Structure formats: structure tokens, C-alpha cells
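First comes one chain, alone, set out as C-alpha cells in the form predicted alone.
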């Protein structure tokens, strides 16, 4: 069945981090229905091989396509780095948006381009070099420094985002950036905005912290309008699916979104 304006937007991530994108899209497009999948049985993705991440991403893409989504948002930097083109091919005519492109454009484009940019992400995202390539494709003069921060995803999944353990971990990971005089720091994983206050505290006022979630919401709006698929009626909705631990995910989702999540359904996409 061909998607219509009332069809849902499919959003997926390895766990709870993609809810940062969901929250921005909800605020920007309150009439839209969002279908979210968090792969909680196989989180974290960032320590897995690119081949494994591609396999997972295509399984989830197939699940979303069976639900007749009108757009797929890859709310996972690791998947954007490893498998975005594979997802686009599998999705066919369904538009696909990845968080890497959105974050790179915020860092590199006018009216406030930056000359020295830092990127923090998972081992897979940083190892792929996808942010550096994306930023330099827009402006080759920008210096890009990257750092893998693999412990942040499990800390976020445990809800340890504002305690002493989290702050000490951030100070350790970000120490190298303190000598770089960064104009901006891209949060290259959708879990990382949960640590935004601590990151800003460690980096100080001179560094702009870039969360690509708002840029993703802008791109979703623009591309839905261009495709004639923007929903302008109703009050929207939210369906949530996970591969494991639905009760725990529901608690974290409600805390993060600031609203009730009435049902989290467990599904097997493999």
C-alpha cells in the first residue's frame, strides 16, 4: 500500500537515544504519527562490526516498511555511518534521513560556520570517518577532531547521566579537546544529548554543543512537504516497539519525553 500523509514516520535507534530525535520531531510536527523502534536486545551498536550493524539496520528497515511508514529516520549515528546507503536502497521510494548529514550541516554551513569542530561518537562512528567526510564535503577548510566515547551509551541506558560517574567519564573523554580550542562539538550519538549539561560544563562557554535532533526535525518537515506527505490534521500519535525489556524502556521513555507512553510492544525483527 502506498503511504499517505496520515501514514507514520518510522524512527529507529539501538536503544533510548533516538528519543532525542523523536522529541524534536514531535515538537516541530505535532500532527505527525511516529512509530519508534529501539533495538534494546542488541544495544550498543557502536562496538559491533559494520557488517553486523548493516544486518541489524536492514532487519529494522524491513519491519518499518511492513508498517507502511512514509519516511524512515535513522536516529543512530552508528547506523548512519555504516548502513545509510543500504537502508536507502532497501527503502526504495520511501525517503530516508540520517542524523550524520543533519549534524554536519549545522556545524559547517552559514550563517555561523565553524573553523574547528570536534566530534564524539561510538567506536564505529568515529572509526568510519563519516562526520569528517560530510563536514569537509561542505567546507574543506574546517578542522575536524574526533573521539570515541564507548562508555557513554551503556551509562545512558542505565540512566546514569548526571552523577559523579558520568561527570568523571566525560572529563576523561573530553580532556584531549581542551587543548584544541573547539568552536563546536558535535554529539555524534543520539544517546549523548542526555549528557548535554555535563558536556557543556566540561567544555566551557567557548564551545557550541551541537545536537542534530533539531536539524533532523527541520529536514523531516522540509522533505515531507516536498513529497506531499506532510500531515496537517489530527493530534499525532506515538507507537513504540523494542526488541527486549519493554517495561524498563517505557519508564525511561516517559522520563525523557516528559509524557505518558501508554504501550511499549516487544517484537522480533531478526
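Numbering follows the first chain given and starts at 1. Being a predicted model, the structure only gives us computed values, none of them experimental.
A second form of this protein, the form predicted in complex with a small molecule, is not displayed here; the remarks below concern that form.
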Query raised in the report: Does the small molecule come within 4.5 Å of a heavy atom in each of 44, 125 and 190 in the model of the complex?
Result: yes
Report task. Sort through 101 to 109, 165 to 173, 74 to 82, 87 to 95 and report the only stretch with a non-hydrogen atom within 4.5 Å of the small molecule in the model of the complex. Result -> 74 to 82
Report summary line: the small molecule in the model of the complex has a heavy atom of only one listed residue within 4.5 Å, and of 194, 199, 185, 153 that residue is 153
